[in-house]
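A single chain, nothing else alongside it, follows as structure tokens in the form predicted on its own.
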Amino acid sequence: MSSNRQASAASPWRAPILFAALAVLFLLEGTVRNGLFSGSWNTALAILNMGLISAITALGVNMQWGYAGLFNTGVVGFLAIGGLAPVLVSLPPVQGAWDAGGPRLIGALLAGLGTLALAKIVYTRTGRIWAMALVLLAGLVAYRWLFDPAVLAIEANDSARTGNIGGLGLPVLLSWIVGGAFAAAAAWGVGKVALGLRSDYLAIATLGIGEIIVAVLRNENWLARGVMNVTSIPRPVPYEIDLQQNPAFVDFAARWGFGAAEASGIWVKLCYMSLFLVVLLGIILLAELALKSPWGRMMRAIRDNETAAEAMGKDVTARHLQIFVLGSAVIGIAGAMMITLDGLMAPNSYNPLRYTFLIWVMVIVGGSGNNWGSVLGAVLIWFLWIKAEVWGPNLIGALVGPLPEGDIKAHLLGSAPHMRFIAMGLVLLLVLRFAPRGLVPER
């Protein structure tokens, strides 16, 4: 009993201590140069910025899993569809693309949506599957008749440089909101189909939908150039080259003991960090208010015992759909932020291991159900993920140094880059063994 009281008394200090330790790691990364740390503020801030985006993604997953117990294995898909928003919103329009096939493309999309709506109405009123099937078949013919020529015309328009529909030329920050809306719309469609099923079916459905979204982005060149990628996505912050050519900035950097090139990189990363922190803290504020409201208590009651909540008159499926859409919207915002930071839309880079499994490791290690725990887990795991690529080869090199030259030593040295996967698995196992509820567990 006394040990439980001591643990409870110490628990309020756990999160501050862990966040302070994490801050020390970043300070070491920025100031100490040895075999473990780079001694570069550019590197430290680059890791931190991606860690903040990962924290927003982890918050979205935590809403779904920690609040409602929904197992979303398609995180990569919702990140990808959110990442499409900067391409369609912030890039300038492609000259001639709209005239080539834009109206026909819009007509095809409207025909597809109208077909689905009409099929539902027909089935609701008649109850006949064959009637619904006829509507869907006719709608598919109309859709393809409009869609295929439009796509061919758009992709043929200046195919060497563009070959896609282009964007609207709007501010890139607006695309973050649009990315959340894209992911929310996709989640609504998935949820209407899958959330009435058992949790394992939801996991299978989201896994499949995530891969379908990524496959569409890879193959539909008219949308975002497919595997040819989209570059030069506009920034919400200055460009390094502009800062380096600004005499006032060069003088400012010199007063702090930095060269213009190094200082410009640090300044740009600090600007990104400020934007990411505003978004992250805003989402945490809203999430905490929601979690402590009657709605949040209801969601946790549904998570803990769906049968009892349903017996109390709660619409479990509707609430699951609600939180699934909200969590996916947050993931979509993170996806748009990620593309903005990279300045590149590359569909082939969406790897489920990186963008689904690693995000789940972040949530589990941090503590599912706790928003601050998800943030801690995300930044910590991303830091370890990046540094393991450096620490792994150094560790393997030290261990196999005494061995004689040969195939075994060469194989071990060649396998060193894979140490990051072993490290993530080891961290996950240690946390599950010694802190099964995470580093900062839910109260």
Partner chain sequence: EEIKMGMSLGFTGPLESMAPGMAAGAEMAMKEVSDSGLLLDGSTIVPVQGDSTCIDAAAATATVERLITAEGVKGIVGGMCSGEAIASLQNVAVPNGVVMISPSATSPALSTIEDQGLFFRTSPSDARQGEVMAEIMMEKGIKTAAVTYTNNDYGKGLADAFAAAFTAKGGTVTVNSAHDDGKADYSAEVAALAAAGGDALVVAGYVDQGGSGVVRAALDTGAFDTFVFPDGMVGQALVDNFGAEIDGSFGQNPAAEGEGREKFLEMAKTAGFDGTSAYSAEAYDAAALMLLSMAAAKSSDPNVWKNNVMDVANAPGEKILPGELAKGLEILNGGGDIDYVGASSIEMVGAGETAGVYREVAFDNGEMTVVGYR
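Positions refer to the first chain, counted from 1. This is a predicted model, so every value here is computed, not measured.
Just so it is clear, the following notes concern the form predicted together with its partner chain, a form of the same protein that is not shown.
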Checklist entry - Counting only heavy atoms and a 4.5 Å cutoff, which of 111 to 119, 246 to 254, 84 to 92, 348 to 356 contacts its partner chain in the model of the complex? => result 348 to 356
Checklist entry - Between the options 181, 277, 261, 156, which residue brings a heavy atom to within 4.5 Å of its partner chain in the model of the complex? => result 261
Checklist entry - Contact between residue 386 and its partner chain in the model of the complex at 4.5 Å, heavy atoms? => result yes
Next on the checklist: Taking any heavy atom pair closer than or equal to 4.5 Å as contact, tell me whether residue 382 reaches its partner chain in the model of the complex.
Outcome noted: yes
Next on the checklist: in the model of the complex, is there a heavy atom of its partner chain that lies within 4.5 Å of any heavy atom of residue 281, even though the partner is absent here?
Outcome noted: no
Checklist entry - Is residue 341 a contact residue for its partner chain in the model of the complex, using a 4.5 Å heavy atom cut-off? => result yes
Next on the checklist: Where, within 37 to 55, is there a heavy atom within 4.5 Å of its partner chain in the model of the complex? Residue list please.
Outcome noted: 38, 40, 42, 43, 46, 50
